[in-house]
Ligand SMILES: O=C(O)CCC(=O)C(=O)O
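The chain that follows stands alone, in the form predicted alone, written as C-alpha coordinates.
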Amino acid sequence: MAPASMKWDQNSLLEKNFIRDDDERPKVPYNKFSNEIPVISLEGIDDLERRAEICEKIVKACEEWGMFQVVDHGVDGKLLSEMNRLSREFFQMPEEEKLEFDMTGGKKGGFLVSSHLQGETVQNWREFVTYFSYPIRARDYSRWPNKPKEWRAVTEEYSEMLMGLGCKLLEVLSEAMGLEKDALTKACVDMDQKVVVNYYPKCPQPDLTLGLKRHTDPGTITLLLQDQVGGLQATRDGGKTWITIEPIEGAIVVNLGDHGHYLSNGRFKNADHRAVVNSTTSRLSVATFQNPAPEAIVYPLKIREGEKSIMEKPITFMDMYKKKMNSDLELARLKKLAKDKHENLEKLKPIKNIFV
(Lines give C-alpha, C1' and ligand atoms only; values in the text may rest on other atoms or scores of the structure.)
Protein backbone atom coordinates (compact mmCIF):
# COMPACT_ATOMS: atom_id res chain seq x y z
CA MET A 1 0.00 0.00 0.00
CA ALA A 2 1.18 3.54 -0.64
CA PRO A 3 2.69 5.49 2.23
CA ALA A 4 0.47 7.91 4.10
CA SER A 5 2.03 10.86 2.31
CA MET A 6 4.06 11.33 -0.83
CA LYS A 7 5.91 14.06 -2.68
CA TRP A 8 4.45 14.19 -6.18
CA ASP A 9 7.50 14.78 -8.37
CA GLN A 10 6.23 16.32 -11.58
CA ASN A 11 9.65 16.77 -13.20
CA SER A 12 11.31 13.35 -13.01
CA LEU A 13 10.49 9.90 -14.35
CA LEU A 14 7.79 7.79 -12.71
CA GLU A 15 8.73 5.35 -10.00
CA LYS A 16 8.24 1.72 -11.04
CA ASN A 17 5.34 1.14 -8.66
CA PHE A 18 3.17 3.61 -10.66
CA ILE A 19 3.86 2.15 -14.09
CA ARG A 20 1.01 0.13 -15.60
CA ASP A 21 1.37 -2.77 -18.01
CA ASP A 22 0.96 -1.76 -21.64
CA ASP A 23 -2.59 -3.15 -21.89
CA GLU A 24 -3.72 -0.85 -19.05
CA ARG A 25 -2.04 2.35 -20.21
CA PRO A 26 -4.26 5.13 -21.57
CA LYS A 27 -4.36 5.50 -25.35
CA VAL A 28 -7.03 8.24 -25.47
CA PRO A 29 -6.03 11.72 -24.16
CA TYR A 30 -7.66 13.20 -21.07
CA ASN A 31 -9.06 16.10 -23.13
CA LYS A 32 -10.21 14.34 -26.31
CA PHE A 33 -13.86 14.44 -25.35
CA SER A 34 -16.67 12.24 -26.62
CA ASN A 35 -20.39 13.03 -26.66
CA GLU A 36 -21.45 9.36 -26.56
CA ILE A 37 -22.49 9.50 -22.90
CA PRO A 38 -25.99 11.04 -22.82
CA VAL A 39 -26.65 14.35 -21.07
CA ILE A 40 -30.17 14.24 -19.62
CA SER A 41 -32.18 17.14 -18.22
CA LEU A 42 -34.29 16.29 -15.17
CA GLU A 43 -36.39 19.43 -15.53
CA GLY A 44 -40.07 18.58 -15.09
CA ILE A 45 -39.38 15.09 -13.75
CA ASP A 46 -42.48 15.31 -11.51
CA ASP A 47 -44.73 15.90 -14.53
CA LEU A 48 -46.09 12.55 -15.72
CA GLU A 49 -45.55 13.10 -19.45
CA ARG A 50 -42.09 14.60 -19.00
CA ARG A 51 -41.18 11.88 -16.50
CA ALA A 52 -41.90 9.19 -19.11
CA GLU A 53 -39.54 10.90 -21.57
CA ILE A 54 -36.77 11.21 -18.95
CA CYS A 55 -37.28 7.59 -17.90
CA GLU A 56 -36.89 6.42 -21.51
CA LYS A 57 -33.60 8.30 -21.91
CA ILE A 58 -32.19 7.03 -18.60
CA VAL A 59 -33.14 3.44 -19.39
CA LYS A 60 -31.41 3.63 -22.80
CA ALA A 61 -28.27 5.06 -21.20
CA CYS A 62 -28.24 2.37 -18.50
CA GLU A 63 -28.74 -0.42 -21.03
CA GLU A 64 -25.92 0.86 -23.27
CA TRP A 65 -23.36 2.31 -20.85
CA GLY A 66 -24.61 2.21 -17.26
CA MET A 67 -23.63 5.87 -17.27
CA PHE A 68 -25.11 9.27 -18.11
CA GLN A 69 -24.89 12.91 -17.03
CA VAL A 70 -27.73 14.88 -15.48
CA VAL A 71 -28.41 18.61 -15.57
CA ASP A 72 -31.34 20.56 -14.09
CA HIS A 73 -31.02 18.13 -11.20
CA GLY A 74 -32.04 20.49 -8.41
CA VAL A 75 -28.68 20.70 -6.63
CA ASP A 76 -27.73 24.38 -6.27
CA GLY A 77 -24.86 25.40 -8.53
CA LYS A 78 -23.37 27.50 -5.73
CA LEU A 79 -23.21 24.41 -3.52
CA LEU A 80 -21.40 22.48 -6.28
CA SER A 81 -18.91 25.34 -6.68
CA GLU A 82 -18.30 25.49 -2.93
CA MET A 83 -17.76 21.75 -2.77
CA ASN A 84 -15.18 21.99 -5.53
CA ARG A 85 -13.48 25.04 -4.03
CA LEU A 86 -13.16 23.64 -0.52
CA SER A 87 -12.02 20.26 -1.80
CA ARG A 88 -9.23 21.88 -3.78
CA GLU A 89 -8.25 23.97 -0.76
CA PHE A 90 -7.98 20.80 1.33
CA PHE A 91 -5.48 19.22 -1.06
CA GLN A 92 -3.48 22.44 -1.26
CA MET A 93 -2.94 22.42 2.51
CA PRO A 94 0.56 21.63 3.83
CA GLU A 95 1.31 17.92 4.02
CA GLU A 96 1.38 17.85 7.81
CA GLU A 97 -2.13 19.34 7.99
CA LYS A 98 -3.59 16.75 5.61
CA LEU A 99 -1.90 14.02 7.64
CA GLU A 100 -3.89 15.09 10.70
CA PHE A 101 -6.70 13.13 9.00
CA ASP A 102 -4.55 10.13 7.98
CA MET A 103 -6.75 7.01 7.66
CA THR A 104 -4.02 4.34 7.60
CA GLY A 105 -4.27 1.57 10.17
CA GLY A 106 -7.90 0.68 9.47
CA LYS A 107 -9.49 4.01 10.40
CA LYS A 108 -12.92 4.53 8.81
CA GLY A 109 -12.57 7.77 6.92
CA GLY A 110 -9.88 10.38 6.40
CA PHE A 111 -6.97 11.10 4.05
CA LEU A 112 -4.89 8.62 2.09
CA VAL A 113 -2.59 8.39 -0.92
CA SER A 114 -3.15 6.08 -3.91
CA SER A 115 -5.48 3.33 -2.63
CA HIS A 116 -7.05 1.93 0.51
CA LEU A 117 -6.81 -1.69 -0.70
CA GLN A 118 -3.92 -3.63 0.77
CA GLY A 119 -2.18 -5.89 -1.71
CA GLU A 120 -2.57 -3.74 -4.82
CA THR A 121 0.52 -4.24 -6.96
CA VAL A 122 0.47 -0.94 -8.89
CA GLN A 123 -0.36 2.37 -7.26
CA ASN A 124 -2.81 5.00 -8.48
CA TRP A 125 -1.60 8.55 -9.13
CA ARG A 126 -3.94 10.25 -6.68
CA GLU A 127 -4.66 11.46 -3.18
CA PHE A 128 -8.12 11.24 -1.69
CA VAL A 129 -10.15 12.05 1.38
CA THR A 130 -13.27 10.09 2.29
CA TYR A 131 -16.03 10.25 4.85
CA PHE A 132 -19.18 8.23 5.60
CA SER A 133 -22.32 10.35 5.75
CA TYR A 134 -25.33 7.97 5.85
CA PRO A 135 -26.96 6.50 7.83
CA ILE A 136 -26.77 9.72 9.87
CA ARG A 137 -26.71 7.81 13.16
CA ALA A 138 -23.48 6.13 12.11
CA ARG A 139 -21.58 9.34 11.32
CA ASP A 140 -18.23 9.66 13.02
CA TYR A 141 -17.35 13.33 12.81
CA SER A 142 -13.90 12.66 14.24
CA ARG A 143 -13.06 11.14 10.83
CA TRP A 144 -14.44 14.11 8.87
CA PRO A 145 -11.82 16.75 8.03
CA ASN A 146 -12.63 20.07 9.70
CA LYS A 147 -10.32 22.09 7.47
CA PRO A 148 -10.94 24.32 5.60
CA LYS A 149 -13.25 25.75 8.24
CA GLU A 150 -16.40 25.70 6.07
CA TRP A 151 -15.77 22.09 4.96
CA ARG A 152 -18.02 20.28 7.40
CA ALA A 153 -21.11 22.48 6.93
CA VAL A 154 -20.83 22.39 3.14
CA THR A 155 -20.19 18.65 2.94
CA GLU A 156 -23.17 17.93 5.20
CA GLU A 157 -25.46 19.92 2.91
CA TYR A 158 -23.89 18.36 -0.18
CA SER A 159 -24.38 14.84 1.21
CA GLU A 160 -28.05 15.55 1.94
CA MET A 161 -28.74 16.95 -1.53
CA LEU A 162 -26.96 14.06 -3.27
CA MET A 163 -28.89 11.51 -1.18
CA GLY A 164 -32.12 13.11 -2.42
CA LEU A 165 -30.95 13.07 -6.04
CA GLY A 166 -29.78 9.46 -5.80
CA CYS A 167 -33.14 8.31 -4.43
CA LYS A 168 -34.99 10.22 -7.16
CA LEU A 169 -32.96 8.46 -9.85
CA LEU A 170 -33.54 5.07 -8.22
CA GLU A 171 -37.28 5.77 -8.37
CA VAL A 172 -37.05 6.25 -12.13
CA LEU A 173 -35.09 3.02 -12.56
CA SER A 174 -37.58 1.13 -10.39
CA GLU A 175 -40.46 2.33 -12.54
CA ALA A 176 -38.49 1.36 -15.68
CA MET A 177 -38.29 -2.19 -14.32
CA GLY A 178 -42.05 -2.27 -13.86
CA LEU A 179 -41.79 -2.09 -10.06
CA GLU A 180 -43.08 0.25 -7.37
CA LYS A 181 -41.00 3.43 -7.40
CA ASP A 182 -39.45 2.72 -4.00
CA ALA A 183 -38.40 -0.86 -4.91
CA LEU A 184 -34.69 -0.16 -5.44
CA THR A 185 -34.47 2.04 -2.35
CA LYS A 186 -36.14 -0.67 -0.26
CA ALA A 187 -33.70 -3.24 -1.67
CA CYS A 188 -30.91 -1.15 -0.11
CA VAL A 189 -32.58 -1.67 3.32
CA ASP A 190 -30.91 1.36 4.94
CA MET A 191 -28.98 3.28 2.32
CA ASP A 192 -25.32 3.84 3.01
CA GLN A 193 -23.54 6.87 1.57
CA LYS A 194 -19.81 7.35 1.24
CA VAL A 195 -18.19 10.44 -0.26
CA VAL A 196 -14.70 10.20 -1.81
CA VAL A 197 -12.95 13.38 -2.92
CA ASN A 198 -10.21 12.54 -5.42
CA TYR A 199 -7.23 14.73 -6.28
CA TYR A 200 -5.06 13.82 -9.26
CA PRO A 201 -1.80 15.84 -9.33
CA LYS A 202 0.04 16.74 -12.51
CA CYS A 203 2.03 13.74 -13.72
CA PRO A 204 5.35 13.73 -15.62
CA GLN A 205 4.49 10.61 -17.66
CA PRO A 206 0.70 10.33 -17.83
CA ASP A 207 0.86 7.82 -20.68
CA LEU A 208 2.38 5.22 -18.32
CA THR A 209 0.02 5.36 -15.35
CA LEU A 210 -3.57 5.92 -14.21
CA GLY A 211 -5.20 8.13 -11.63
CA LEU A 212 -7.60 5.30 -10.88
CA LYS A 213 -7.49 1.87 -12.51
CA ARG A 214 -10.31 0.35 -14.54
CA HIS A 215 -13.18 -0.81 -12.33
CA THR A 216 -16.90 -0.96 -11.74
CA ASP A 217 -18.36 0.46 -8.53
CA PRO A 218 -19.75 -2.20 -6.18
CA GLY A 219 -22.78 -0.23 -4.96
CA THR A 220 -26.16 0.78 -6.33
CA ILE A 221 -25.51 4.15 -7.94
CA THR A 222 -22.64 6.67 -7.91
CA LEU A 223 -22.98 10.42 -8.43
CA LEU A 224 -19.79 12.15 -9.59
CA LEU A 225 -19.04 15.86 -9.59
CA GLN A 226 -15.96 16.60 -11.70
CA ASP A 227 -14.12 19.80 -12.55
CA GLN A 228 -13.63 21.02 -16.11
CA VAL A 229 -10.22 19.41 -16.70
CA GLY A 230 -11.29 16.00 -18.03
CA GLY A 231 -9.98 12.55 -17.23
CA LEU A 232 -12.97 10.30 -16.59
CA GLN A 233 -13.03 7.52 -19.20
CA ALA A 234 -15.51 4.75 -19.96
CA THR A 235 -15.57 1.52 -21.97
CA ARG A 236 -18.37 -0.84 -22.95
CA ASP A 237 -16.34 -3.49 -24.81
CA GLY A 238 -14.21 -4.85 -22.00
CA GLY A 239 -11.49 -2.21 -22.23
CA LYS A 240 -10.70 -2.57 -25.95
CA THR A 241 -11.76 1.01 -26.66
CA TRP A 242 -12.17 3.99 -24.34
CA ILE A 243 -13.87 7.37 -24.50
CA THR A 244 -13.26 10.47 -22.36
CA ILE A 245 -16.44 11.92 -20.86
CA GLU A 246 -16.81 15.62 -21.57
CA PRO A 247 -17.03 17.70 -18.37
CA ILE A 248 -20.13 19.91 -18.37
CA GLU A 249 -20.42 22.82 -15.96
CA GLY A 250 -22.99 22.01 -13.26
CA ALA A 251 -23.62 18.45 -14.48
CA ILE A 252 -23.37 15.33 -12.32
CA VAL A 253 -22.19 12.05 -13.83
CA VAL A 254 -24.29 9.04 -12.83
CA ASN A 255 -22.68 5.57 -12.76
CA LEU A 256 -24.69 2.41 -12.14
CA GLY A 257 -22.81 -0.01 -9.86
CA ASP A 258 -22.70 -3.79 -9.49
CA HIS A 259 -25.62 -3.82 -7.03
CA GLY A 260 -27.86 -1.97 -9.50
CA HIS A 261 -26.67 -4.29 -12.29
CA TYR A 262 -27.64 -7.41 -10.33
CA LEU A 263 -30.99 -6.01 -9.14
CA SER A 264 -31.92 -5.38 -12.79
CA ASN A 265 -30.81 -8.95 -13.67
CA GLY A 266 -28.13 -7.54 -15.95
CA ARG A 267 -30.50 -5.37 -17.96
CA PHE A 268 -28.66 -2.25 -16.78
CA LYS A 269 -24.88 -2.21 -17.18
CA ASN A 270 -22.50 -1.53 -14.33
CA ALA A 271 -20.41 1.35 -15.65
CA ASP A 272 -16.88 0.24 -16.55
CA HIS A 273 -14.62 3.26 -16.05
CA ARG A 274 -11.25 4.68 -14.95
CA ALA A 275 -9.47 8.02 -14.42
CA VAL A 276 -6.48 9.21 -16.43
CA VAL A 277 -4.05 11.99 -15.52
CA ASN A 278 -2.10 14.62 -17.45
CA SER A 279 1.10 16.65 -17.30
CA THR A 280 -0.56 20.05 -17.63
CA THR A 281 -2.88 20.48 -14.66
CA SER A 282 -4.26 18.71 -11.60
CA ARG A 283 -7.81 17.35 -11.59
CA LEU A 284 -10.48 17.04 -8.90
CA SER A 285 -13.61 14.88 -8.62
CA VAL A 286 -16.13 14.20 -5.86
CA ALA A 287 -17.70 10.73 -5.95
CA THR A 288 -20.80 10.03 -3.85
CA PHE A 289 -21.45 6.31 -3.52
CA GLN A 290 -25.04 5.32 -2.75
CA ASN A 291 -24.71 1.76 -1.43
CA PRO A 292 -27.02 -0.77 0.21
CA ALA A 293 -26.66 -1.72 3.86
CA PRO A 294 -24.07 -4.50 4.44
CA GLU A 295 -26.83 -7.00 5.27
CA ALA A 296 -28.98 -6.13 2.20
CA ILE A 297 -29.72 -9.14 0.00
CA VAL A 298 -28.40 -8.93 -3.54
CA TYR A 299 -30.57 -10.73 -6.09
CA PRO A 300 -32.62 -9.66 -9.14
CA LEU A 301 -35.82 -7.84 -8.19
CA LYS A 302 -37.50 -8.88 -11.40
CA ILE A 303 -36.70 -11.56 -13.96
CA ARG A 304 -38.41 -10.97 -17.28
CA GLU A 305 -40.17 -13.73 -19.15
CA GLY A 306 -37.75 -16.01 -20.95
CA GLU A 307 -34.78 -14.91 -18.84
CA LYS A 308 -32.83 -16.65 -16.12
CA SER A 309 -31.24 -15.07 -13.09
CA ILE A 310 -27.65 -13.93 -13.66
CA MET A 311 -26.93 -14.92 -10.05
CA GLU A 312 -26.74 -18.48 -8.75
CA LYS A 313 -28.19 -17.55 -5.38
CA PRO A 314 -28.89 -14.53 -3.15
CA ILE A 315 -25.91 -13.05 -1.29
CA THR A 316 -25.49 -10.21 1.17
CA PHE A 317 -23.95 -7.01 -0.13
CA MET A 318 -21.05 -7.35 2.30
CA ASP A 319 -20.25 -10.84 1.00
CA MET A 320 -20.59 -9.61 -2.58
CA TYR A 321 -18.21 -6.74 -1.86
CA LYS A 322 -15.59 -8.97 -0.21
CA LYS A 323 -15.79 -11.45 -3.08
CA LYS A 324 -15.27 -8.65 -5.61
CA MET A 325 -12.28 -7.15 -3.78
CA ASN A 326 -10.63 -10.55 -3.29
CA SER A 327 -11.13 -11.40 -6.95
CA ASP A 328 -9.62 -8.08 -8.10
CA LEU A 329 -6.57 -8.53 -5.89
CA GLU A 330 -6.09 -12.14 -6.98
CA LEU A 331 -6.18 -11.15 -10.65
CA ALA A 332 -3.60 -8.43 -9.98
CA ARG A 333 -1.41 -10.92 -8.11
CA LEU A 334 -1.54 -13.49 -10.93
CA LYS A 335 -0.79 -10.81 -13.50
CA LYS A 336 2.27 -9.70 -11.51
CA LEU A 337 3.52 -13.29 -11.22
CA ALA A 338 3.20 -13.77 -14.99
CA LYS A 339 5.02 -10.49 -15.62
CA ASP A 340 7.84 -11.35 -13.20
CA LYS A 341 8.24 -14.79 -14.83
CA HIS A 342 8.45 -13.20 -18.28
CA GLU A 343 11.05 -10.66 -17.11
CA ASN A 344 13.16 -13.41 -15.52
CA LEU A 345 13.08 -15.44 -18.74
CA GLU A 346 14.15 -12.38 -20.71
CA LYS A 347 17.14 -11.93 -18.37
CA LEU A 348 18.20 -15.55 -18.96
CA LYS A 349 18.24 -15.28 -22.76
CA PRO A 350 21.78 -13.82 -23.06
CA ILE A 351 23.09 -16.63 -20.84
CA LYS A 352 21.46 -19.30 -23.04
CA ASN A 353 22.92 -17.75 -26.18
CA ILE A 354 26.46 -18.39 -24.89
CA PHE A 355 25.96 -22.11 -25.45
CA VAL A 356 24.45 -21.83 -28.91
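Residue numbers here begin at 1 and follow the sequence given. As the structure is a prediction and not an experimental result, all values here were calculated from the model.
One more form of this protein, predicted in complex with this ligand, exists but is not displayed; see below.
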Completion exercise
From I37, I40, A296, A287: within 4.5 Å of this ligand in the predicted complex by heavy atoms is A287
Completion exercise
Answer key: of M191, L224, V75, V172, within 4.5 Å of this ligand in the predicted complex (heavy atoms) is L224
Handout entry: this ligand contact in the predicted complex: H215, any heavy atom under 4.5 Å
Key = yes
Problem - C203 within 4.5 Å of this ligand in the predicted complex, heavy atoms - result: no
Practice task
Using the partner position in the predicted complex, report whether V129 sits within 4.5 Å of this ligand, counting heavy atoms only.
Solution key: no
Exercise for the section: Evaluate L232 for contact with this ligand in the predicted complex, applying a 4.5 angstroms cut-off between non-hydrogen atoms, and reply yes or no. Expected result: yes
Fill in the blank from the handout: Per contact check vs this ligand in the predicted complex (non-hydrogen atom within 4.5 angstroms), the hit among 83-91, 133-141, 192-200, 258-266 is 192-200
Practice task
For the stretch 247-278, return the residues whose heavy atoms include at least one within 4.5 Å of this ligand in the predicted complex, in the order they occur.
Solution key: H273, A275
